[in-house]
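Single chain ahead, written as structure tokens, the form predicted alone.
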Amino acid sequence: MNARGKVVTRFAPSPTGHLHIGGARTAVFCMLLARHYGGRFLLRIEDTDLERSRQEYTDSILASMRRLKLDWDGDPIFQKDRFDIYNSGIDRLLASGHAYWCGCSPEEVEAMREKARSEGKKPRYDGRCRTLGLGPGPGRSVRLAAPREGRIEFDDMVKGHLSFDASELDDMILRRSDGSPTYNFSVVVDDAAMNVTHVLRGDDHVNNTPRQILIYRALGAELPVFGHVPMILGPDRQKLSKRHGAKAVIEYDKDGLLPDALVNYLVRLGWSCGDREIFDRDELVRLFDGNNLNRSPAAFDPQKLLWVNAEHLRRAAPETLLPELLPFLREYGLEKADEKLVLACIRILQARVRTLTDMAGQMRPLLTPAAGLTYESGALESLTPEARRHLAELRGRLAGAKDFDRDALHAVIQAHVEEKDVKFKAVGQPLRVALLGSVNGPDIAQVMQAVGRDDALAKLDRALELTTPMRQPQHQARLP
């Protein structure tokens, strides 16, 4: 894959906000590429913007990475701890003549750019301090002595061959007048020091790449392979925002999405493998080799994300879903429910729901004892006198059933339906109301098998008790 042997990728977020799906997708791509080739995946927190960086965002990014199981190698690197390294690199470039001191103020530079615009030229710094031999001083910055002619070319993993005219790039600042290093310089120093072989990132960085290549060359460092993936758009093909349903990764976790499902969905927003949509983690590592990255922007679709999550729920082993479900059961005070019962409920519900939130909500009546069961509005009112008669008879039949498994229970219910010559709905709906507090729900026999004979009968008894009309008091006849 590369001349240096082992593939090394990195994800480098800035802690100025929570991790959103665009950044998460970049992290997924970088992790998969490294794992596919048996390489290293590194994490660097680019926190040089001391005013906007917040520890809470760093913590949130790290938590989101762990939640998505994007396990990085080694300890995270924090740029704020590396200013001495960056400044040492800048000093080397000053000594070698690849950089120079500049005394121009921001106002002077803007005047140069305005003059160039008025002349129909590209607005840029005109390099006037390049030959002055200035040294350090108040208000002075350090600039790269960029080449004045030639082309900067590289082969992009996504966009193919790209070429830039060096004459259109000005002498970029490497060290600001306040002594802080700039983004482009810090990134190159770190990527070179971390032996990064492949830089995968959003295509909003394309214009940074030729500038960074010039810094690599000035430092005498080997270039990595670059890949710039198109940005994720909303369904209306506009810039993705909250109005499209996009959220921070941590919010999707709270919504009950499985980490593997979100990773699966993010990968498909910019990569394809035939017409396949659903992949497990091992398959993604095996198949993601850096090829088949899409050149066109992908559109974010919240409904498609829910569909992918539903597919992962349906295919998962109940035992793997159990720990994922517990935080959502905790919201109902049901986290200590019998594990065997919870697993049985997962099996009943996993093909019926799209999120863990849905699953916990639909599982609540199955895990709640008869005395605590609540009923949807109008549910008990649907238990007509005829429905109560069916419930009472079925209660006796179910109590006497030899076996209490799905097949035996189906047989009991079907025998009642045939004997009474009624449609299944006449029996099924009252049973669901009694067992679940709702007119809708999963297979009745499955529910009764899962909760067991005692709980099922107790719930039928309570429904009958709550819907039995109160006996009217008898009034004595009036004496004349």
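The model shown is predicted, which means the values in this text are computed figures rather than measured ones. All residue numbers refer to positions in the sequence shown, first residue = 1.
Form predicted together with a small molecule: not shown, discussed below.
In the model of the complex, the small molecule lies within 4.5 Å of some heavy atom of residue 10.
Using a 4.5 angstroms threshold between heavy atoms, residue 257 stays clear of the small molecule in the model of the complex. Residue contact with the small molecule in the model of the complex: residue 183 places a heavy atom within 4.5 Å of it. Proximity of residue 304 to the small molecule in the model of the complex: non-hydrogen atoms within 4.5 Å are absent; the residue sits far from the partner. In the model of the complex, no residue of the candidate spot (122, 124 and 207) has a heavy atom lying within 4.5 Å of the small molecule. Screening 342, 215, 187, 308 for any heavy atom within 4.5 Å of the small molecule in the model of the complex leaves a single hit, 187. Listed residues 410, 201, 130, 354 were compared with the small molecule in the model of the complex; 201 is the one with a heavy atom within 4.5 Å.
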